[in-house]
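This document opens with one chain alone, in structure tokens, the form predicted on its own.
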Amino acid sequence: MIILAIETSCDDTGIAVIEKKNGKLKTLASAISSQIEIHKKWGGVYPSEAKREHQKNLIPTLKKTLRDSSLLIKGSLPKPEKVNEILSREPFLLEETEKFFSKHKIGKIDAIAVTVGPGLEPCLWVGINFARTLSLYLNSPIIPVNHIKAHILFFLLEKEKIKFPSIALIASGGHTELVLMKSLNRYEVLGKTRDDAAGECFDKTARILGLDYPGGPAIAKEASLWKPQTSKNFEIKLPRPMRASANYDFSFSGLKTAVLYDFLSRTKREQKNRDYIITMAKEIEDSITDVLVFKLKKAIKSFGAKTVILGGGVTANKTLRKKVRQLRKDFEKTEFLLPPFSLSTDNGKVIGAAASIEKKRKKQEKVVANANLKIYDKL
């Protein structure tokens, strides 16, 4: 089975071609078009602008992926009747799609996978409507995919089976959750953030310090410069939110507030002092990663996890990975699965991997966006 996978849940346009053969998955090609430079000036993602950029990026990203997978064929395909209706709110994408199919055909695609949630609704709809359009042109069924589930199921690209029960930690810009997996399709949310997600906290605290967006890499870059003598003039101790709580929930808004109060208590000269920025960045990174690892360790113990999976953009943080590697020493019989850096952030490959265990959807009308989709919701 050949799956064409589309990801547009936030600000990355990702398309991949995945082959499933004899139960094993293989990535034939993958391409991502990032919008970081577009949103950097705002310090965050604006949904309406992200939607417009997805419209611009989908055809070029598709073309590159198909070319790399040898599925781009010269020729033309007639426009199906419903395409104008489906892409009525994406006129630029409609025009570019018509141009594409006037010059190209696509090799055999058995199914089209697309992210339907959670995410930014305007962005999700662009991807869904594009998938519906391709479905008509290619006469291929659609497979709706849960974005959070896909971040967990990245491992299917590397191995066929894992042992259960499993604990998954999803940490990204919009989500922070601890999930108990009883099988590939049975999920129970043990805990989640009550306010800001871990990645969101990185973004907001980076903005306070005057650092670039996205905040995670910016904070990590400054933190990596820290040495014991750096903080000699700046003693900073941030809270580790909810470590003492009896549950598995997270909360990072208080941490953001603590950073703001400390920053405002400093003189303008101190606020711009490089040692202060480095010291604060180190403490922010340690606080967030300490809490994530503490709650993860607690869940592993409580449920006797045989496998631990990390997914989401924050898992690209090197300090978090280092602490997880140290945690492995306490659970020698437990397998730990961390995504390679290329699979941490949003991409089409993980969408294709998740689609490989989902059912095909013949009726396009049932494929709709759900910005608040939960990991245990049925698609």
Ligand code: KG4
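Because the structure is predicted, anything quoted here is derived from the model rather than measured. Numbers for residues come from their place in the sequence shown, where the first is 1.
The same protein has a further form, the form predicted in complex with this ligand, not shown here; the description that follows concerns it.
A.B. asks: Heavy atom within 4.5 Å of this ligand in the model of the complex: which of G117, G127, P241, G199 fits that? Just give me the one.
C.D. replies: Result of the distance check: G199.
A.B. asks: In the model of the complex, which of the listed residues (P217, P141, P165, G191) lies with a heavy atom within 4.5 Å of this ligand?
C.D. replies: It is P217.
A.B. asks: Counting only non-hydrogen atoms, which stretch in 293-301, 172-180, 248-256, 228-236 is within 4.5 Å of this ligand in the model of the complex?
C.D. replies: One stretch meets the cut-off, namely 172-180.
A.B. asks: Indicate whether S344 is a 4.5 Å heavy atom neighbour of this ligand in the model of the complex.
C.D. replies: Within the cut-off, so yes.
A.B. asks: With a cut-off of 4.5 Å between heavy atoms, is K149 one of the residues that contacts this ligand in the model of the complex?
C.D. replies: Result no; K149 lies far from this ligand in the model of the complex.
A.B. asks: So in the model of the complex, does D203 come within 4.5 Å of this ligand, heavy atom to heavy atom?
C.D. replies: Yes.
A.B. asks: Can you tell me if V314 lies within 4.5 angstroms of this ligand in the model of the complex, counting non-hydrogen atoms only?
C.D. replies: The answer is yes: V314 has a heavy atom within 4.5 Å of this ligand.
A.B. asks: Using a 4.5 Å cut-off on any heavy atom, which residues of 110-145 would contact this ligand in the model of the complex?
C.D. replies: The stretch does not touch the partner at all.
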